[in-house]
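First, one chain by itself: the form predicted alone, in structure tokens.
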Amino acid sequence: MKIESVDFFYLSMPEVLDIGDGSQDALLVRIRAGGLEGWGECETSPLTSIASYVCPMSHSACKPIKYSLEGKHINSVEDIQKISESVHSNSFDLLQADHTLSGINIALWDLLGKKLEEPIYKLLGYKKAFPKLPYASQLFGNNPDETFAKAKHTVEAGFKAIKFGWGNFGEGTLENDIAHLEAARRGAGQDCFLMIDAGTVWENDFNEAEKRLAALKKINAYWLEEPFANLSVNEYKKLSTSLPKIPLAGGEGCNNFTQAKLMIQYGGLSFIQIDAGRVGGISPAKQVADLADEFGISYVNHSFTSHLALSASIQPYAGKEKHNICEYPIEPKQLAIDISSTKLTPGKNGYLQLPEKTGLGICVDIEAIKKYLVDIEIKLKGKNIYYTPDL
């Protein structure tokens, strides 16, 4: 079947706040071919990625992404790979390319799964999808008392694992951070897995991160996530060998396979976290999952938006039984909730199972997202080169 259209839909909450919450806006991708349509979601700046799809060519290695897609055939897994390779070749110097390609790649897998009537994980070579233990991913409270209350509420909701991140953690005093950590553990109880996400707050300041190790050890933190900026491999490696030893997680900032490979090889990570909506899609995410096997570290999805993105983020490691933890956002904005009518919810045993449906197994709720649609028009030399398509 031949690609007939590639459409982008910029969605946004009425007000976007200056907080670490990526669910306040979204960029959905719809690809139509052969009477079918596939959907994907980019973890990106929506308007920037739309521009990267339609921008004029600057030179031979800086073409708009549409150059590599429109009119191409999509009948096999190999065709998806060819399109990704073409984008990398034709848009090598377009630095937004991998973010935009991520949603496109996800939509292509969804489309192909529907054509071949298989879930994506089976197209990736897995025989079955193993259940994952979801950790309730949320922001730290504004103060330790709020963090305690959030942790207690989450455990009472049935979650066996919790992650707190961002907020004001790492931005104030060491004493404030310790108070948050201790409040999180008190609220979660001793039997709950507790992960801590520093949100790259120390950039590459090793000393600030090291000061928190004793407190993290005291609360039995399952991991410390993103203490440093993406690709700060020297600092990651040094902290991974420091005492008391705390397992490190990172990689969500990787926007291609090569970056993820460097983090795995040189960062001393115990967990590599990959966002299919940022790394270039499901295809490179699967490569990273296989590489994690080779290096004996755990692959974990990164997902903090919709259930469409959640399904896409789990597919690359769905068939890997030993990689059994997944991020599960529990306080997204209403926009992210409304994107799909299909919801992935933990079962009575607390584990999450991918749906046994074709493609992503997720149905986009067209009517629900209309109220979030941002009307966009891009003109070049007086000519309209992009306008918001009809849903």
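Remember, it's a predicted structure, so these values are computed and weren't measured experimentally. One rule holds for the numbers: they count along the sequence shown, beginning at 1.
One more form of this protein, predicted together with a further copy of the same chain, exists but is not displayed; see below.
A.B. asks: Where does a further copy of the same chain sit in the predicted bound form: which of 149-157, 217-225, 183-191, 252-260, heavy atoms within 4.5 Å?
C.D. replies: In short, 252-260.
A.B. asks: At 4.5 Å between heavy atoms, is Leu123 in contact with a further copy of the same chain in the predicted bound form?
C.D. replies: Leu123 lies outside the contact set for a further copy of the same chain.
A.B. asks: If you check in the predicted bound form, is Ser45 within 4.5 Å of a further copy of the same chain, heavy atoms only?
C.D. replies: Yes - in the predicted bound form, heavy atoms of Ser45 and a further copy of the same chain come within 4.5 Å of each other.
A.B. asks: May I ask you to check whether Asn230 falls inside a 4.5 Å heavy atom distance of a further copy of the same chain in the predicted bound form?
C.D. replies: Contact check for Asn230: yes, within 4.5 Å of a further copy of the same chain in the predicted bound form.
A.B. asks: Decide whether Ala51 counts as a contact residue for a further copy of the same chain in the predicted bound form under a heavy atom distance cut-off of 4.5 Å.
C.D. replies: It does: once a further copy of the same chain is placed as it appears in the predicted bound form, Ala51 has a heavy atom within 4.5 Å of it.
A.B. asks: Name the single residue among Thr345, Ser58, Gln334, Asn349 that comes within 4.5 Å of a further copy of the same chain in the predicted bound form, judging by heavy atoms.
C.D. replies: None of the others qualify; the residue that does is Ser58.
A.B. asks: Quick check on this chain: which one of Met195, Leu239, Ala289, Leu94 has a heavy atom within 4.5 Å of a further copy of the same chain in the predicted bound form?
C.D. replies: Selected residue: Leu94.
A.B. asks: Within 4.5 Å of a further copy of the same chain in the predicted bound form, which residues of 8-37 have a heavy atom? Give them in sequence order, or say none.
C.D. replies: Counting only heavy atoms within 4.5 Å of a further copy of the same chain in the predicted bound form, the contacting residues of 8-37 are Tyr10, Val16, Leu17, Asp18, Ile19, Gly20, Asp21, Gly22, Gln24, Asp25.
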